[in-house]
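Let's start with one chain on its own, the form predicted alone, as structure tokens.
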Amino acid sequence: MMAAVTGIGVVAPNGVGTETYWQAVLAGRSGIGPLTRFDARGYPVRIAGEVTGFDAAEHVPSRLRVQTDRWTHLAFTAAEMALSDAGADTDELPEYEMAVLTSSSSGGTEFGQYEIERLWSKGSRYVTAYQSIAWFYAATTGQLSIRHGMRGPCGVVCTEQAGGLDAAGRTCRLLESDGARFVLTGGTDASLCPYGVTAQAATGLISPSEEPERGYQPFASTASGYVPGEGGAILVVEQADAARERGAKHVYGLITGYAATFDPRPGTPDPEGGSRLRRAAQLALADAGLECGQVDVVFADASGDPERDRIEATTLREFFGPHGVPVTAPKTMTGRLYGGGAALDVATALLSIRDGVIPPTINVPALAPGCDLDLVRGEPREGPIRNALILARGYGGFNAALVVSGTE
């Protein structure tokens, strides 16, 4: 069975709406700028990829806005876009054959912080009952399931930046063996609040730069970490036969391969150098039935941390050969979006296949020693794209690889 992606919804720092985002990416337009969602003075993060111009009141009913976090508001919006794009009327589909599987990294941190502040400053009577659910990792999955009457198998994957690929890969399993025919998958994140930023900064991987053009430069000799961001993508994924039966407007592509691995504990003697990213890529391509030479582009994890970048570049060199495949990291225009980042990469890869163009990586002036990649920089690169390999790593040792392919 092939899993067909029939709808895409994007809410990103450089564009709200799939085509708006895509045009921004092709133009190399960044959404990274000064952090404005709170007074960041005194915090180790001063720049971020914020979804600007997004007013939840324009997209989410008032009764749901007060019950949910911004992270879920973004997912509501992206899901509506994806369903509309897919031409799907959920009232006409069997409710127990529709499922929701999303990725989440931080949960509803902004909502949780606000409620905890009320608890400390005013007392327990001022904390709403919605605190018990709005912060929870599965809140977005549950809310989407309720709102759209999707009563099939639902779940959430919590593997940080790798989560979007894990959710998409597990969606294929739902379609193959768990009775689902129509799935909302992907993920969003919105942790640009003091609580969320403090937790993220504890990893030591966030760039200290205050300059948007210098803060996130993966594979560069000047790399100093990454810039956090918010947003993501929601996808409609269906059984290919079922999509044809219901008259889907279009199919962006197929999810043809997936694998996940886990790194050994840091400091453990390991002949593979402590990373299982290469193994994940090997397994994903084997799952897709592809050889290395059939991959037309790699959407890199691109952590921005010099050591992690070196490991990924070495993996790609050993796998494809030096400069053996075009590599890109459009997330340099959004920042790393945690639970939403890999889902946005999947959406971007599908748009790349649709239009036959590889989007650029920006703000990488010169590659670091050892990062001998064919990195697509500055301008898009045109050419037929049949198969894209997407890589993602989550903090804590998570690795995931996904292959998406065209339909012709």
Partner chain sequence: MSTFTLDDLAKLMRECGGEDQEGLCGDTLDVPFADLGYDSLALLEITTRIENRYSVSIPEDMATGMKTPREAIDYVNTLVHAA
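Keep in mind that this is a model prediction, so the values were computed, not measured. Residue numbers count along the first chain shown, from 1.
Keep in mind the form predicted in complex with the partner chain is missing from the figure; the text below concerns it.
In terms of contact with the partner chain in the predicted bound form, the residue from 268, 177, 132, 121 that brings a heavy atom within 4.5 Å is 132.
Note on the partner interface in the predicted bound form: the residue among 294, 128, 282, 90 having a heavy atom within 4.5 angstroms of the partner chain is 128. Contact with the partner chain in the predicted bound form, defined as any heavy atom within 4.5 Å, is confined among 60 to 68, 46 to 54, 26 to 34, 342 to 350 to 60 to 68.
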